[in-house]
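The structure tokens that follow cover one protein chain in two forms, given apart as structure 1 and structure 2.
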Structure 1
């Protein structure tokens, strides 16, 4: 039976996240191939005002209720289950983010639909949904075929472009009331973390440092280059663990996912944990003394050289070019 595809939109403090538009884009593509309707779901008290941004979907379902003011995984899963009883769906896409952590397994148990986590690619081949998922932090990738294209899929953030999911079209909207369900976990309050000095996810140019920088005393070389380029300094986990830069500057699976126009990787070997966070950059230039460093596998250009020798030369040349310009 043909039903539809559900995209569970994610909002944070009244703003839709990029992951929502990533899911809408790939959902639209799949829905077109399988000739199924695409529906978006807005969860949360007072979220109805966001529906106009979800025009890539054929329609929007707004789930409103007291239990969704600060929803837990149990409350979200219960609300979606209630929706599925009224609006059946074949495929459900949910964000693979901290906000939705735990929702997939609970929803799978309630609906008896298979759950697939860490999905980084989703294609339709011969009208069958083929999912590519990462295991062990990206060291292994597995292709999974969903029986009858039926299942719950957690989309790994940053896996798809959000642009195809954006639309100026205003979709029809339907509000569905959900009951209050008692849960073992109660969300008390949201504690805003201290703001970092730089939001590296919003930078067009990033100068990233790794073990090759050797000591904290050499960080000023990266800072000078970043200033010359009009960007900011970030780092791989070993540098952060040493306390040389704050956690807000960490790039990688356990840090920030960044997609700058230019990413300079200086003395970074290129472990999977790090490359997961930066391989979406438009242009990646890496400098490393090891010609076999994995970072070169995701780089557009590479230099096999000591970063401490090259950094001052790069900075000086940029300053010279600016003076001439």
Structure 2
């Protein structure tokens, strides 16, 4: 049986995620070089409207028996393991998202295919798949050569353009019975994000603070700057986890995706889970004492200084500027 490359499509509340199209785009590229077929996998029946968007794949496998509503990691892994018995694959791309966290290691244990996490680039060199993974909060990259190009790869969201993965072509579909898998964890309900006092996704200007702001007592410095700029304050995860700002102000993987005209990153290291939420901003200016902070890799302007020192000066300067007109 001819093996292929599988892209496991991800949907949230009936909508395919961008990561799905990113995986299809890069999957198509790899499949062409390796001369292998590319298949997309839809977990669960009743997703007819979804499969027609997966035309970048040669065909779509719809797994009957798998649950479409928020499946758990072991349930997803079980469905894919069963699929592999019928449709062997060498390379499996899965999304590196919170929904899929845990799927890779479980699937790897059950299939003995190696699992690779945090993949941000995939290239074929001399017929070998070379994966680039980002580790240590984006400070170090690791290149991995997959033996026999065989493995399960978790694709970090935002690593590839989703555009090449979108296609108007309607792909052939095959429904595959994978059996209803017993899972002990049951999904109960979604809990909507609390409506915050400000909707940070609607702001033109965001002043973002990270752990470098050091204490809650310093937050007013950011508030004052935001006021001077007519924007709002948002934050990285540690600031939210400390309870200094509400969850509705979090930017990143678990928080909000923002695309303001201006994003000022103050004392934020630039871990991939944070940049995932802000790298689409039109202008990014970062202040960080660490000249090697990964945030500078996604910024237009950088300042290597103590944010507590620059902040009041910047606010002051903006106010004087306004007075001068």
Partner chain sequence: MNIITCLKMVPDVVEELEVGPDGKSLDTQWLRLRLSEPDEHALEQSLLLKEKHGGKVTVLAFEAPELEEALFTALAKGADRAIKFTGDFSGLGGPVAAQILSSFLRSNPQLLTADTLILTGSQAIDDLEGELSPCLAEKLGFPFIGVVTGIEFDPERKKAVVLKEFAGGLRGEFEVPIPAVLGIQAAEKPPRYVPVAKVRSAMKSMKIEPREVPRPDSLGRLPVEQLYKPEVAGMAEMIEGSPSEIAGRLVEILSKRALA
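Residue numbers count along the first chain shown, from 1. Predicted model, so just to flag it, every value in this text is computed and none were measured. Definition used throughout: the rigid core is the maximal C-alpha set that superposes within 1.5 Å between two forms.
The second of the two structures is the form predicted together with its partner chain.
Relative to the superposed rigid core, residue 287 undergoes a CA displacement of at least 2 Å between structures 1 and 2. After superposition on the rigid core, displacement of the C-alpha of residue 59 between structures 1 and 2 stays below 2 Å. The two forms, fitted on the rigid core, differ between structures 1 and 2 by 2 Å or more at the CA of residue 219. Comparing between structures 1 and 2 on a rigid core frame, one finds that residue 305 has its C-alpha moved by 11.1 Å. Relative to the superposed rigid core, residue 276 shifts its CA by 5.6 Å between structures 1 and 2.
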